[in-house]
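One chain is shown next in structure tokens, namely the form predicted alone.
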């Protein structure tokens, strides 16, 4: 697992208590699949005990910005997605996952963890994020698993259907769907949220979630898992990302309602609600200049989370050992708390 001792399921329930990357304007490209070469073992060795307050970088951060969608590889510091630390234990052996926004940030951490737990993984992203996606594919292949790369625009319903079909075909089936991609753009006044921004935020964060799930449900077997990335902003919204917060509340309502509907098919639905996490979402317009510089200071830990710190949550919610867990929102907020 990670370089801290792995949490038990009871610890996760007590300590997580219920938390993107963006789809954009580019047209879909054909799926790219890589057959795994000889297996490179995931990191091994004893987990180290570490004070969580100083384990990862703290603010103030360098003020930086990138054109949307931002690349993880150009951030300073580069987010930690578990590339050198996540240790698998075969919890998802033989599983097949599709993760949107899987090129960087939280989606990347989930993809790496899933591969090291034994799953084959398809990721969706934008053409502009190809270099980040290729690097994720390398980590998946080094874990001995199959990587499928499917770039395209989640704001298009037809592409969402093609994405699910291509992932199923390339992976030989599908039993984990992670709806993670999101768009966020900070505005200090409501009047500054244009119709175009509202449309992009809603379609990326809400419509795509509906379209992907509608396309996937007829093909998901009993025991399958759907996981949606929400946010602490669903219940504790920031004043600068009102449109984003509205979509995250919709994500949580979707999880709770759909879980009741599809359990009749043996399918579980859960959500993850992160607090402030250091991902390209922030440097691609998701924060104001001051918000980026002080990002994470409002948490008791005094820093933002790193994507690797969420990886085990996505594994837990996908694993068969969580068979009694559905309709839940797991928060990871750095001590901010959860209602």
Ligand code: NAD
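Numbering follows the first chain given and starts at 1. Quick caveat: nothing in here was measured; it's all calculated off a predicted structure.
There is another form of the same protein, the form predicted in complex with the ligand; it is not shown, and what comes next is about it.
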125, 274 and 282 each touching the ligand in the predicted complex (heavy atom, 4.5 Å): yes
Since exactly one of 177, 110, 167, 181 fits, which has a heavy atom within 4.5 Å of the ligand in the predicted complex? 181
Which of 226, 115, 154, 136 has a heavy atom within 4.5 Å of the ligand in the predicted complex? 154
Can you tell me which of 169-177, 96-104, 260-268, 82-90 lies within 4.5 Å of the ligand in the predicted complex, counting heavy atoms only? 96-104
4.5 angstroms heavy atom contact with the ligand in the predicted complex for residue 204: yes
The ligand contact at residue 129 in the predicted complex, heavy atom, 4.5 Å: yes
Though only this chain appears here, would residue 68 touch the ligand in the predicted complex if you measure heavy atom gaps against 4.5 Å? yes
In the predicted complex, residue 61 touching the ligand (heavy atom, 4.5 Å): no
Judged by heavy atom distances of 4.5 Å or less, which residues of 240-254 approach the ligand in the predicted complex? 244, 248
